[in-house]
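Okay, so here's just one chain, in structure tokens, the form predicted alone.
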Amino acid sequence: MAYLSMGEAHRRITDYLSRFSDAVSSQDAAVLSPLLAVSSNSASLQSLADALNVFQDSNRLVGQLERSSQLAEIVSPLLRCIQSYRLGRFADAYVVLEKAANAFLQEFRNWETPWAMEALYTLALEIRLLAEKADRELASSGKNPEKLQGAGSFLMRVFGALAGKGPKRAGALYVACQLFKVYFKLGTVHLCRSVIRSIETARIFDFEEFPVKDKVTYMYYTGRLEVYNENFLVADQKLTYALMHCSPRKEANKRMILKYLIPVKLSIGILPKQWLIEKYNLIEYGEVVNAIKKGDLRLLRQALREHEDRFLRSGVYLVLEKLELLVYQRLIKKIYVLQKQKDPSKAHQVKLEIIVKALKWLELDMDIDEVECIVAILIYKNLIKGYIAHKSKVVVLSKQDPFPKLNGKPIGS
């Protein structure tokens, strides 16, 4: 850092304080928001942090502000946060940012109009991002990483402030999405339910009046929740909504949505096009789709093994594992088609022994009893129409639509 005189440091701090005070007085959220963006690469905030390292008595300058009593509780801890953040002391920075954020929220409640909504959004984002950094710092030094949990509590208070009647409620969905990010990170996704109930059952909210980007994020996270709960039809609706309304420029976001939408579509019998998989670099799903098309159980298991870590991290491994039934259906259908070409009159009678041989060719050793059990499950799940002639060890397929399409119904239903 180049030499910074006391006078220059004083000027930088007073300039920041003046801009902050003026933004509040004139109710200018566009000016106020960047002043709260602690984690941004803003040159002005970096120069302010340098000034705070030189000029140690910033509280005296804060006291000279107009409305100092109201603003001091926001600005004093905010300055300490900016200083600590630039020094890489993230846990310390989080503690004082939470103080500033609580003071700001109190002021926000008192303001009659939602003029400061963008500034509140900035604080909501900053407190989550800084909590994540603080927890990584605490964990690396062997301390308890509990700042993100604190951020969740703060964001819930913000959500409560926005969830009443009046124009401020338009900001509730953005904060709900920040809460979802916290809960997913902490592994406490059950806490999302109370937020979802507030959004989806409260009559004060009209979902369509929220900003599009917030609706997309909301549908993405609630769609993921439905995947975890195996409500695939609802997950399909929500994730499809997120994909269709996502900005065409946000390819990374579309890829994130497709990571969950593709397994959901597969579970209801809809295979994605190869160009989609290639465009969004989701080649791990390409191998799964190939396995289903070919009726190749070995290929499916190989794909699940190869990408196990990725699928487990995404929470879709168990969804994909259940596709085995769909692969068995395709395999038996292939046998049926080959038989139909050779002898159409006997095509609907498939010997269990032939299925055993097909599996052996795929290097999967199963005895005839195991295969009979699998076929019985396929019939029960309505993936095959027909019955098993137990004595003769033959699957007798229906002559009409022996392999029903899922038509949007999940495999396990």
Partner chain sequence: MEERTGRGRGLGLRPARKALDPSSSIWKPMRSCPARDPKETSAEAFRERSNPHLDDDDNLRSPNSPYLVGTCPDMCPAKERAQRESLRDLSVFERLNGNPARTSPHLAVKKFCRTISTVDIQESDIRSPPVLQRTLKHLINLVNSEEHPFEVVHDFVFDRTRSIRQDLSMQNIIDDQAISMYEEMVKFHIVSHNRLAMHWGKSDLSSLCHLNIEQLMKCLLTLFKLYDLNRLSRSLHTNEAEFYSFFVLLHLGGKIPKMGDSLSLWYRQLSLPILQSKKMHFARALMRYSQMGNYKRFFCSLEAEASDLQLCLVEPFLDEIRAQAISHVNYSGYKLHPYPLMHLSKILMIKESELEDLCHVCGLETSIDEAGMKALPVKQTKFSLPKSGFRSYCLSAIDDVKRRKDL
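What you see is a predicted model; the values in this text were computed from it and never measured. Numbering follows the first chain given and starts at 1.
Quick note: we don't show the form predicted together with its partner chain, though the next part is all about it.
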(message) I need to confirm a contact call. Of 144, 110, 153, 281, which residue comes within 4.5 Å of its partner chain in the predicted bound form, counting heavy atoms only?
(response) 144
(message) Please tell me which of 342, 190, 165, 197 lies within 4.5 Å of its partner chain in the predicted bound form, judged by heavy atoms.
(response) 190
(message) Please determine whether each residue of 251, 336 and 351 possesses a non-hydrogen atom within 4.5 angstroms of its partner chain in the predicted bound form.
(response) no
(message) Looking at heavy atoms inside 4.5 Å, which stretch does its partner chain contact in the predicted bound form, given the options 368-376, 342-350, 44-52, 25-33?
(response) 368-376
(message) Please determine whether residue 400 contacts its partner chain in the predicted bound form, using a 4.5 Å cut-off between heavy atoms.
(response) no
(request) Answer with yes or no whether residue 229 is in contact with its partner chain in the predicted bound form, where contact means some heavy atom within 4.5 Å. (result) yes
(message) Whether residue 224 contacts its partner chain in the predicted bound form should be assessed with a 4.5 Å heavy atom distance threshold; does it?
(response) yes
(request) Determine whether any heavy atom of residue 99 comes within 4.5 Å of a heavy atom of its partner chain in the predicted bound form, and answer yes or no. (result) no
(request) Any residue of 387-401 with a heavy atom within 4.5 Å of its partner chain in the predicted bound form counts; write them all down in order. (result) 387, 388, 389, 390, 391, 392
